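A single chain comes next, written as structure tokens; it is the form predicted alone.
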Amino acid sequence: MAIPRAAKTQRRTRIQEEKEEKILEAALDVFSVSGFRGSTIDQIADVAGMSKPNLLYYFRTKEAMHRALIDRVLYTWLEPLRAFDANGNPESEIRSYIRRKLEMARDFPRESRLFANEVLQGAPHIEDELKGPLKDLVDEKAGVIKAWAKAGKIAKCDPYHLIFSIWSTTQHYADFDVQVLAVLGQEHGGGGRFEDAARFLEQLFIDGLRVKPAS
């Protein structure tokens, strides 16, 4: 995980920690809109309301700020998948996963767009994580889904594409929220859109995974 420059030189004070959080909040605003390549330290300093030299005391480079944010996003984004319990009821586990991913889309849209921008640019800063820890976790949970299918608890399916489908349908409500709101309009585009989405996606995935009775 990226360590702020100030943390390397001395024990951080409460004020230093607050400054670092302020900088990262500003960086998240900028990166989530412009991506890594389109963002500058000057933009981040301006949003943070700090001078560039002051900002650089805490984070020496744009890469350091981006890395700190990406590390946080990866940990937070994968937490619902880590909670996927092999010993739980498959229907309950899948419902919970869908809802937690939608809650993240609702509560962390900037983080979702930051991650999407990174992947769209070829994941230059997180390729090792995607091929390492993320792949290992997905492999583990794919094994759980395969075991459920083998035990007859859910219909047979490709576990990887099931996970990808849940990712894409839930994160759509963060990455393309402007489009969602434009299409739904005032009547259906309020905060309830996430609950509506949850009910629909639960029905879509759960019905598709139910074991059909033999004819």
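Sequential numbering from 1, following the sequence displayed. Since this is a predicted model, take the numbers as computed values, not measurements.
One more form of this protein should be noted, the form predicted together with a further copy of the same chain, which is absent from this view; the next part is about it.
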Legend entry - Triple contact flag 38, 43 and 138 to a further copy of the same chain in the predicted complex, non-hydrogen atom at 4.5 angstroms: yes
Legend entry - residue 17: touches a further copy of the same chain in the predicted complex, heavy atom cutoff 4.5 angstroms: no
Legend entry - Close approach of residue 22 to a further copy of the same chain in the predicted complex, 4.5 Å, heavy atom: no
Legend entry - Non-hydrogen atom contact residue 185 with a further copy of the same chain in the predicted complex at 4.5 angstroms: yes
Legend entry - Interface membership of residue 144, a further copy of the same chain in the predicted complex, 4.5 Å heavy atom rule: no
Inset, instruction - May I ask you to choose, among 64, 162, 47, 149, the residue with a heavy atom within 4.5 Å of a further copy of the same chain in the predicted complex? - result: 162
Legend entry - Answer option from 113, 95, 125, 72, heavy atom within 4.5 Å of a further copy of the same chain in the predicted complex: 113
Legend entry - Heavy atom contacts to a further copy of the same chain in the predicted complex at 4.5 Å, residues of 165-198 in sequence order: 165, 167, 168, 169, 172, 173, 175, 176, 178, 179, 180, 182, 183, 184, 185, 187, 193, 196, 197
